[in-house]
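Only one chain is included here, represented as structure tokens and corresponding to the form predicted alone.
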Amino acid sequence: MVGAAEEAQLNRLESQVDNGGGGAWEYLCLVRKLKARRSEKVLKHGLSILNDPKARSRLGGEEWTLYEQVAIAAMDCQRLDVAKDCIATLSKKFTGSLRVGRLEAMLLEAKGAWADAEKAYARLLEDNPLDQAMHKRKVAMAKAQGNISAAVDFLNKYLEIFMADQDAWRELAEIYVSLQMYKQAAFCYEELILSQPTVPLYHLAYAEVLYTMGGLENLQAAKKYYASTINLTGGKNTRALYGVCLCSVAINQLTKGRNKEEESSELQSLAAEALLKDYKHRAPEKLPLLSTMLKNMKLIS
């Protein structure tokens, strides 16, 4: 994930290049480093370098990296003719390369030749079964065809090998949520929290899955994870503040005073106060609506 400072740096450099201030190569390197998706700009500025023999010669060995970068951007922009030319150049230079083979399979994907692309990936994976990028391309290809069950199968098999890949766990969780398979989604978020316990996004997503599942035990757990999200974000996550309030109301409705939930009434009161303060500062025109809602929920008097 690109940080705010890096995003600002990238935008400044992009504006400089667009306005003729130079720095195209530096911009392309930064896009690659940040793994940003700026395909149209990469295609435009990358081709300007590749089509200039002097500029291209100054890159040395990095010339081939640029060919790869432009090929991927061209496929993203459906400039398949450009992608084909770049891949042909790379294939001539690196005959039999696994990396070039992956680009050729991606070109088949871009053309919609799914069966041929599947065969190409299968062939490449025989030679290198631990190539993460190719496993992920199979997942992307299944999703592009609308075959979500196949995407789930591919992701599960991938995670049997690469269990520490947080992006894959998160993607699988999001697919499960879209399929309303909440227990499976909860398991994925549990894995993410175990591997990165200080990331508030995972706590929040897990809390929302538990809240959606419902039931007293799940609601109580959801409230705890909403609270941990608030703690990890310094009390600045509005969604988590709402979550604590909603969980409190739902728990009270289920228990009707039969448990010790009153012990945590301070938490819901603090969450309600924090929401009021947040709205007063950022959206004062909506403060009356919030106040009415919280009064109806019996969280404020």
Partner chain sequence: MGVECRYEVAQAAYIKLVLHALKHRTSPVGGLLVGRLPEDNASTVQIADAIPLTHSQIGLLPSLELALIQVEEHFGAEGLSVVGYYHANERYDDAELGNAAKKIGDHIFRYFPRAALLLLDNKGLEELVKGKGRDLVVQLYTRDSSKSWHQAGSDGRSQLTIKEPSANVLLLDYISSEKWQNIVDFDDHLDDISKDWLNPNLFK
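Residue numbers count along the first chain shown, from 1. What you see is a predicted model; the values in this text were computed from it and never measured.
The protein also exists as the form predicted in complex with the partner chain; that form is not presented, and the subsequent description refers to it.
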The partner chain in the model of the complex has a heavy atom of only one listed residue within 4.5 Å, and of 184, 156, 212, 91 that residue is 212
Only one of 93 to 101, 79 to 87, 118 to 126, 142 to 150 sits within 4.5 Å of the partner chain in the model of the complex by heavy atom distance, namely 142 to 150
Is it the case that 66, 166 and 168 all touch the partner chain in the model of the complex, with a non-hydrogen atom of each within 4.5 angstroms?
no
Contact of residue 198 with the partner chain in the model of the complex (heavy atom, 4.5 Å): no
Taking the partner chain as it sits in the model of the complex, is residue 189 in contact with it (heavy atom to heavy atom, 4.5 Å or less)? yes
key: residue 177 within 4.5 Å of the partner chain in the model of the complex, heavy atoms   = yes
Check: Is there a heavy atom of residue 208 no more than 4.5 Å from a heavy atom of the partner chain in the model of the complex?
Finding: yes
In sequence order, the residues of 273 to 288 that place a heavy atom within 4.5 Å of the partner chain in the model of the complex are 278, 279, 282, 283, 285, 286
